[in-house]
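Okay, so here's just one chain, in structure tokens, the form predicted alone.
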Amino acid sequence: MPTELYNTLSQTAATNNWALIYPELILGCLALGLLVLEVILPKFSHGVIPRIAILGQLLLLGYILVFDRTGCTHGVAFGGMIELTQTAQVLRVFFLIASIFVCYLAMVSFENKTLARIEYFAITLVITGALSLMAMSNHFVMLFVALETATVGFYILVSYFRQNALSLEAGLKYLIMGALSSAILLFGIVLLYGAASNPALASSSQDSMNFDNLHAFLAANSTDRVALIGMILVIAGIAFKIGAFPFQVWVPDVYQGAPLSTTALLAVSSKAAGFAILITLVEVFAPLSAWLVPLLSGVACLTILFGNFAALTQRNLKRVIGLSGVSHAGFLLIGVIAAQAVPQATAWVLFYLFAYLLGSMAVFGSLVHLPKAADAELELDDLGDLAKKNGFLGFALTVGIGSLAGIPPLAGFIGKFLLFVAAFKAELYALLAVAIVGVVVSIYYYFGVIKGAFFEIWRFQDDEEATPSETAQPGDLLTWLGRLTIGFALVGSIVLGVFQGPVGAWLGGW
């Protein structure tokens, strides 16, 4: 081995800090442990394994919040591949909370279904760890490996109900669109690598895929056309992950066909990871802001308008949630753009993500208990008189939808208000106007969901014998664990709407 290569590898190995990624290592070990337990435990006791997954994540989350809220050590490790920042640590907590919710939703969704179950929870843990590493990425190699690890897991989870045609269709569509977006992202990375490695240009670097080195190159070569095209392609690849226009075409079909728990994971964790890396890349591409800001502004406007207007005609609940999520991606893009002029906007984006998490989980927690054999077929009519049949679920759905709509005094209102303030301070008046239009339009379909939960839907009934799913009542599978889980989302949505002090201080935006 050449001496120079040996020295380079030795220097890189010296920067390895495994303690920096201990939560991700624990998640990986826990995922493997679940598979081992499935082999060694008797089949009749396999129902306890999902609870072990939830308990393990709760213990890890508790340790981080109590003993390690700011990260064991901050800084760069693994040869510059990973950088643990306060934002990355906050998102690590975010992904764990979302994963715990998703595991509970999966427990309810798989009730009375003859499917392999333990693998679902193991894959969910792996995806959570991969998304956390993605948020800590400081290098395109780390970013791409973490992104593809999570994406491959999503390919499996989207089509997990393999006996359902809609689930298989959703899996195929997500596979095709995911492969296309990965190709676009990789092509952009290659162009950036090639441009930044050109020794004829200033500040060229042998490790030009490192974000710090790439930023230095772009600062010295802001007019390089190859780098500009590479930036546009990378942003396009990330836009797919967050469901931004025009890469949102997969969202309604995939959200509808995927299991409800997978839909929740896509809607919350995948979107948050996309914005985590987008926040980082916007800083990297700051020298190209003359092109980047108009590009993101146009995408944000079209995303808000498309998501809200397309949701107006939908009757399927999961498609409504999917298109609603598209509009939320547009609101979050406004915060990312405003962060260039308003430093606190990054923390406000994180607050919005937490408000979105709590509101979404209150909604998904209610929908998973509706008596429908296939959740892909959930319609607004299936909500008929939900509040009368089960007051707790009706209240949870109302609070969740109200938070997503931005109704005071819920957390979603504060999240939207903070992003609007950031847009105003950054003088993004056109974006602010479009966002206000989007909020007004969204009231129609959000309140349509609430109306369905509080008023009985009259429809003709066939004389045929009712199926078991039609005679079941909402909340038949609701246990104390379910009430505790949904209750956490409810309390969080209400408390963060009226008191943000400790959370705001932790996020660094107050």
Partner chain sequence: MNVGIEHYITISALLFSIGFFGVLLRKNTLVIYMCLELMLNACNLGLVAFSRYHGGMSGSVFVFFIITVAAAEVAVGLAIIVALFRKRQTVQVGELNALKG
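It should be emphasised that the depicted structure is a prediction, and the values quoted were computed from it without experimental measurement. Numbering follows the first chain given and starts at 1.
One more form of this protein should be noted, the form predicted in complex with its partner chain, which is absent from this view; the next part is about it.
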Contact at L180, V190 and N198 by its partner chain in the model of the complex, all three, heavy atom at most 4.5 Å
yes
Please determine whether F413 contacts its partner chain in the model of the complex, using a 4.5 Å cut-off between heavy atoms.
no
State yes or no: in the model of the complex, is some non-hydrogen atom of F140 no more than 4.5 angstroms from a non-hydrogen atom of its partner chain?
yes
With a cut-off of 4.5 Å between heavy atoms, is Q89 one of the residues that contacts its partner chain in the model of the complex?
no
A170 near its partner chain in the model of the complex, any heavy atom under 4.5 Å?
yes
Tell me the stretch among 292-300, 421-429, 90-98, 181-189 that has any heavy atom within 4.5 angstroms of its partner chain in the model of the complex.
181-189
Heavy atom within 4.5 Å of its partner chain in the model of the complex - the one residue of A341, V152, A219, A116 that qualifies
V152
Which of these residues, N213, N390, Q314, T85, gets a heavy atom within 4.5 Å of its partner chain in the model of the complex?
Q314
